[in-house]
Structure formats: structure tokens, C-alpha cells
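Read the single chain below, which is given as C-alpha cells and is the form predicted alone.
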């Protein structure tokens, strides 16, 4: 069977290298190279761009990114079984694929970022996807705008809805506030369970995020405290849920009705609360 890039079909690669997906690593492999190309294209033009990828597995998305002209892919892979398959891709695209064996949650991506544009494109392992996103939204070094130009990431659809939600949306919560504060985020398209091997029990979705150059001024730690308290008891009035951080006095200071609930506050109002803390 012919492929888009002259490399063997992914099913053959998986069988040859014994790459059965491991549930403990949150692995669900995408085998349709037309679909992986669609994901890569949704990140925009890749010519001259260095792309970070997390959890490439047998390399379906890696191949798509390289075939679309990325200058280089830096792939972080925790599963050593996948390294020989990725090495074959590296041989096919000499000098354009660097594979780092390691845990993405412990990887300093900004330290790896070269000069020039960087994008992150990944079919994230379900068990670490949300935390990785938060790490990229709230970097330890406080740098903003960040080292990346955009994030094109696959999540469970439930998580994707939380990322793009705003006030008065049932999915709105801390993740929506943090993503809305620092980025412009939108869902691109859904991916059904049967597109994966093995198929997960839920639909997935691709989310594209671009950083806001000048997000509203706010201390990250204070915004985190306010959102954690507010959404920790989201069904209660804010005068009650925000008691640990100042309660009614804080709300009055920020000009917000203490009888409101967390899911009705806009990102701008959460920032105002944090700045009054």
C-alpha cells in the first residue's frame, strides 16, 4: 500500500516493532496519514519552523509534520520501544528529526527552543495533556509572550470544551480562564474513537491556541488562587466560595456582586479580582 511519504504504512511499522499501545502511558496511535496531515496543516505553514512534538509513538504525526516542510521536529518520547521506528523516520529525513527519550512533564522546552519560529503540535497522551498545557500557559520562568508561536494539540473533547469555554458555558472553569487570559483558543475539528488504535471510549478534538501578545496585567499566582477558590465551590455564591481569599470584602473592592457564581465571571473580572487580592 502506497503512503504519502514513501515510508511503510504505520500498521506495518507497529507490527514489525511490536508497538502495542500501553494504557499506562495514555497511548492511542493515529494510523491514518491523511488525518495526521490534516492535524499538521491546522497549525498553519511549517516551512522554516521548528516543531516540538510530545508522544510521537510510531511517528504518524511526525511524518506528517516533516512532509509538510517543517525545518526540524524535536520529539519527546517516553517509550523506548518507539525509538527504532522514529530512527527510521529520521533516516528518511536526514538532519530534521531529533528524538529525546524522556518525560515531557520534566522537560524544559524553552531551553530546547532554537532561534526562529517554534510551534508545538501533538497528539497528547490523555493522562498528561492538561498539565502540559498549563505548563505552557504558565511557564516557570514567567516569560510572556512564550517561546512558541502556537499550540496545536489533541485532547479528549471534554477537555477541549473546557479550554475554549467562556462565562455562562457549562464547561467554563479554571482551565478556560487561564487559556482565555493568555491565548486565543478554538477547537478545529473532532476525531472519532475509531480513528485510533486502540480506540478510546471518547471523542477527541484538536485545539489551536495562539498567545495574546499583551494579556491583561496580572500576577499568575494570584489568578490561580482566585480561580481555584471560586471554582472549587462553583455552585455557591462567590461571597462563600471566595472566603479563603477575602470573600465579600474582596468582591466589593473589585466591584463584583457577591451573590454571583464563578461561572458567570468573565476573564477580565477574574483578573480584576486577582489584582485586588
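Positions refer to the first chain, counted from 1. Please read these numbers as outputs of a predicted model, since none were measured by experiment.
Beyond what is shown, the protein has a form predicted in complex with a small molecule; the following relates to that form.
Every residue in the set 29, 77 and 125 has a non-hydrogen atom no more than 4.5 Å from the small molecule in the predicted complex.
Contact check for residue 103: a non-hydrogen atom falls within 4.5 Å of the small molecule in the predicted complex. Contact check for residue 251: no non-hydrogen atom falls within 4.5 Å of the small molecule in the predicted complex. In the predicted complex, the small molecule stays beyond 4.5 Å of every heavy atom belonging to residue 35. Taking the partner from elsewhere, residue 54 is found to have a heavy atom lying within 4.5 Å of the small molecule in the predicted complex.
Partner contact region in the predicted complex: 77 to 85, out of 168 to 176, 77 to 85, 140 to 148, 184 to 192, criterion any non-hydrogen atom within 4.5 Å of the small molecule.
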